[in-house]
Structures are given as C-alpha cells and as structure tokens.
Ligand SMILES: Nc1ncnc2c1ncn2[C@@H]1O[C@H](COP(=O)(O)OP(=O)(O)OP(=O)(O)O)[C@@H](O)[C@H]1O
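Okay, so here's just one chain, in structure tokens, the form predicted alone.
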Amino acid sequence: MPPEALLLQGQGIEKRYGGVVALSQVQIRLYRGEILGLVGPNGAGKTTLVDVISGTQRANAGSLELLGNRLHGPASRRSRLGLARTFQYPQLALDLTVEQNLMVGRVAGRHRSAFGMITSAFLGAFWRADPEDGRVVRAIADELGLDHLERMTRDLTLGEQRLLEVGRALAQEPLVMLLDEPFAGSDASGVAGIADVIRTVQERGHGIILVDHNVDLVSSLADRMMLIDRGTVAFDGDPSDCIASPEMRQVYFGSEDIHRAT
C-alpha cells in the first residue's frame, strides 16, 4: 500500500513484567481500510499488544505513531486522537441503558476523564443536550440491531453486550478500532452481525486490528494476519499464506509437519 495510506505504525515495541518478557521488538503497521488479524496461542502477547497500542499498558521500549504523529500518554488521550477499543470482557456501565452506553462512546473524545464521559452521556441521553449525538447513537443502534435503547445493559446477554461494546467504539468515529475477542460468547447471528459491522467500518476507510482465537474466522475477515508467539512476530502477511506457513504449524502443532502433529 502507498505510504500515505499508513494509519498506525509501531517500531521495536517491548513490554516486560519484571523478568517476564511479554513483547519483544514488535513491529506493526496498519493502513486505511485494512483489517489486520492478530492470532496466536493463549499468552502469546496479542492482548498485551492491543493494551500497549491503546494506552491501557505502558511499553518499556519502542515507539508508536498515528498518522505520522507520536502516540503516547494514557488511553483517554489516545481515544481523542482516534483510537477506540473493545475488551476481552465487556467494559460497560451495567447500570446505564443501551442508549447511555452508546452515548459514552459518542462523547468520549470531548472529555479527559471517564467520569466526565459517563456524566455527559447520562445527561445527554435524558435531555438530548446535542440532537446530533442522539441521531448518531440511534443510527448505530439500528445498524447493530440493538433494539430497545431503554434496556438496562445488565439485562443484555453476553453476546448483546459485546455487540454494544463494538457500537460504543464505533460511536467514537475512530481512525483505528482495536477489537479484542469481539465474537466470544456470541451466537451465530451475533457473530454475523459483528462481522457485518467490521466490514462496514472497513469500507469507511478506518483501520481495524482484530484479535480472536478463531483463526478461520479471522482469516475470513482479515486482509493481513500477524502470528504472535511468545511476544514476537512469527509471521506477517497474507492470511492464507499465514495459515499454510511452517510458523503456524510450529506454533499450533509443535511441528512443521501438520500430519505428524495430528
């Protein structure tokens, strides 16, 4: 892809927890309209890499750039710059409604604290402080099939909560979406719905980093796949080439001969 299409770039990213090396010399790049799939076994460092990019964890070394500008500081600052993420376990305000949680995402870029975001979302949902916010939130809910905006989030199924968290990230109108296990706990219709949203976001020219244990599902969506193993990048390239690579067989089967491994 041309250099001007580059959204996100990371060089030499390292993360250590005491003597444990979670990430070592990781290089990553993401382009406009690209879905980058991160795959690898449990403990490989996929979520740690997402944490470092989003700012919920601080790297020990390396650099990150968004649109050529240095990316640093806490998650709230990076959110304002154009990053949005979901988590392995949905991080939602269970005592707010579906609409209010979506509003949290919509107003995230205007506040420096989580308290400010939640307060503004709460007030906006009741008094429609900004009619445009209400219109956008309702449009996202319709797009995701999240009916009954007044439903309490704690009453949603896990799959619905995951869908809502994707919607909250989408409401931020981000340049880059970091999706960590967005399909886990969803039934077939939920998976299809989230996949449709991911493709829609891609068509809008945003970049997506997708983490999931379902390699087949990731490969069906991703334009490029990175295989992470023990904190390092073992493969970075075409999804079909990644799946067929000796590195993939070694990581998942412990042998370059997949037939012997099975």
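Quick caveat: nothing in here was measured; it's all calculated off a predicted structure. Don't overthink the numbering: it's just position in the shown sequence, from 1.
Although it is not shown, the form predicted together with this ligand is what the next lines describe.
**Request:** Please run the contact check for residue 57 against this ligand in the predicted bound form: heavy atoms, 4.5 angstroms, yes or no?
**Result:** Contact with this ligand, yes.
**Prompt:** Would residue 42 show up as a contact with this ligand in the predicted bound form if we use heavy atoms at 4.5 Å?
**Reply:** Residue 42: contacts this ligand in the predicted bound form.
**Prompt:** Should residue 99 be classed as touching this ligand in the predicted bound form when contacts are defined as heavy atoms within 4.5 Å?
**Reply:** Close contact is absent here: in the predicted bound form, residue 99 is far from this ligand, nothing within 4.5 Å, heavy atoms only.
**Distance check, residue 244 to this ligand in the predicted bound form, heavy atom within 4.5 Å** = No, residue 244 sits far enough from this ligand in the predicted bound form that none of its heavy atoms falls within 4.5 Å.
**Message:** Partner absent here, but in the predicted bound form, which of 217 to 225, 43 to 51, 193 to 201, 29 to 37 has residues with a heavy atom within 4.5 Å of this ligand?
**Reply:** Partner-contacting stretch among the options: 43 to 51.
**Request:** Let me know which residues along 198 to 215 have a heavy atom within 4.5 Å of this ligand in the predicted bound form, or say none if there are none.
**Result:** Heavy-atom contacts within 4.5 Å come from 213 alone.
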